[in-house]
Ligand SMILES: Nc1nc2c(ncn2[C@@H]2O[C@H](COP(=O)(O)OP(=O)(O)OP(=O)(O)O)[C@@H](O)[C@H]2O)c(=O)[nH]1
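Just the one chain here, laid out as structure tokens, in the form predicted alone.
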């Protein structure tokens, strides 16, 4: 992980090969279409938190995909949706900011579950998907359509009317059906990304996987565990701030605070006799250790930040603000 800026870096003692390509690729779409899962699949590393729940991703994240002849900086973005609260408006703003000035936008659309030819002919994209396409089209960047979760449909002939319907909506650079689970279409998508990159330098060193520091990733991993274990709206009302991250010789020591919106939610996070907070801590430790490849000791605290998702000033306090250097 690194905090590298978006300026080209010095290639160092090893010169770049002739014709080296580099650039930025945004991964966009409505919530829960598989953006973070696709990012992880393209990188071969689970650096983005991916859950079955919509609106898990709250901030854009850069994943750095480096090979000998190219470097693609993949911009994972929050889902584009109809935003009402201050937090949701921030998330949509992050998504659109991540798609500005990129070399290619990957617009992800979930493959519908189709069983008959008639259903395929009658299928139309939902209003939110159409709104996301309209917002992205206004940015004027090339857009490739990526149909995700293609493994959900056994008769691939039923996809043809769907692809025709989507093709009529926008002059897409390309259309690639994919499945991050089975790997289908990923090599074709990798080829599309490589071919779209212009000749250019590297923006990150060869070992970098992300633009975010480890304490940010630790907070995200903890938040992902909250989605796995807490019910209903509770995880959506939670923010995680890592207050201390100390790397030791053989292990790391981390302290984090979980903020909820209401006092009643605090008890749900703690659980009877502290059972839930213990489960959250243990699972978070495992996930952080899997990313860092070293054990860690995690301390969790719970606090209340009343109605923080609706208060722009509290959003900033909890770390949800636009970093001018990113």
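Small disclaimer: the values here were computed from a predicted structure and weren't measured. Residue numbers count along the first chain shown, from 1.
The next section is about a form of this same protein that is not shown, the form predicted together with the ligand.
The stretch from 280-288, 293-301, 25-33, 64-72 that comes within 4.5 Å of the ligand in the model of the complex, counting heavy atoms only, is 25-33.
Contact check for residue 202: no non-hydrogen atom falls within 4.5 Å of the ligand in the model of the complex.
Residue 181 belongs to the set of residues with a heavy atom inside 4.5 Å of the ligand in the model of the complex. Contact check for residue 271: every heavy atom lies farther than 4.5 Å from the ligand in the model of the complex. In the model of the complex, residue 247 stays away from the ligand, with no heavy atom inside 4.5 Å. Only one of 217, 196, 141, 149 lies close to the ligand in the model of the complex, with a heavy atom inside 4.5 Å, and it is 149.
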